[in-house]
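Only one chain comes next, encoded as structure tokens, the form predicted alone.
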């Protein structure tokens, strides 16, 4: 009898809480009205395309004909018969494991270093470091630097220095191709995450450092670990998500430097494989299967990184 009364009181309390929540939400209907345009755009151009891509991944769809349901055939072909896709996965992980963490640490370190400069100098340095991430035509500079003949800047310097006797094919030899691409990717990695770190450092309450000095913090490194990093956790999370997204979804840098397709598919990634089947072969069902795998992979890695940063 007592248990029944207790359960009844709990249900009644939940009903009251739900009613209170509904009343509060109804009072804020104007705010939801303001969010409606963004929510509509997000639903139409993000959520629905993702759902349709997942649906098309179970079909044969070549744009010119109606999609034909084939079940798991696309996924079976990807993992059992598509050797290039398996190589693309290996290349993507190799690229992401190096450029993701390194690009993240470089962005965080540079933002921390220039944070103590005067505002004018800090603004100039921010523009200088951020500019490569938004300048698409800078691939031409790296192509000239790593040109495969003796006129390339790197080959010319190495030949004059006596380190090599003949020009190295940096962008066509599979032994060197990925290393050059990783170097360029790290140079261009100071993007939105870098800006978020700078904004986070500027928003820290200076009284925290004064309190830390009283509590026994003696140097900048202790300040960084015990005060700065905990204070910018949202920016750390945003930077990690952006770093993961950029490292796993890289394609332009491979295409511009190594060509499409690259020699022996040495610089072939999941996204370039998707572009191959989606925009060249027009096998949209197969391309949607690749996109679905990439989406699930990025969600899994993002969840893992969120847990990791949450423990800091």
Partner chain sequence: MALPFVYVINNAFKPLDELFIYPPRLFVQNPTLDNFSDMFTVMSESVITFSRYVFNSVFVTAVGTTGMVLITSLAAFVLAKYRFRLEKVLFNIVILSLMFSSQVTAIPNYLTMRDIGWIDSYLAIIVPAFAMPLNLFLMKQFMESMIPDTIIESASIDGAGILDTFFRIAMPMVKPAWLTAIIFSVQNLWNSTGGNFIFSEQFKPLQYALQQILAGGIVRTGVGSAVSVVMMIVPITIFILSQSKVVETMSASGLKE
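Computed from a predicted model, the values in this text were never measured in an experiment. Positions refer to the first chain, counted from 1.
We do not show the form predicted in complex with the partner chain, though everything after this point is about it.
Visitor: From the candidate stretches 76-84, 172-180, 93-101, 195-203, select the single one in contact with the partner chain in the predicted bound form, where contact means a heavy atom within 4.5 Å.
Guide: Among the candidates, contact is made by 195-203.
Visitor: Tell me whether 113, 217 and 226, taken together, all sit within 4.5 Å of the partner chain in the predicted bound form, counting heavy atoms only.
Guide: Checked in the predicted bound form: no contact with the partner chain for any of the three.
Visitor: Which residue, 211, 105, 72, 144, is the contact with the partner chain in the predicted bound form, using a 4.5 Å heavy atom cutoff?
Guide: None of the others qualify; the residue that does is 144.
Visitor: Would residue 46 show up as a contact with the partner chain in the predicted bound form if we use heavy atoms at 4.5 Å?
Guide: Yes, contact at 4.5 Å.
Visitor: Hey, in the predicted bound form, does residue 26 get a heavy atom within 4.5 angstroms of the partner chain?
Guide: Contact check for residue 26: no, nothing within 4.5 Å of the partner chain in the predicted bound form.
Visitor: Using the partner position in the predicted bound form, report whether residue 56 sits within 4.5 Å of the partner chain, counting heavy atoms only.
Guide: Result yes; residue 56 sits at the interface with the partner chain in the predicted bound form.
Visitor: Does at least one non-hydrogen atom of residue 190 fall within 4.5 angstroms of the partner chain in the predicted bound form?
Guide: Close contact exists here: in the predicted bound form, residue 190 approaches the partner chain to within 4.5 Å, heavy atoms only.
Visitor: Taking only heavy atoms into account, state which residues of 57-71 are within 4.5 Å of the partner chain in the predicted bound form, ordered by sequence.
Guide: Heavy-atom contacts within 4.5 Å come from 61, 63.
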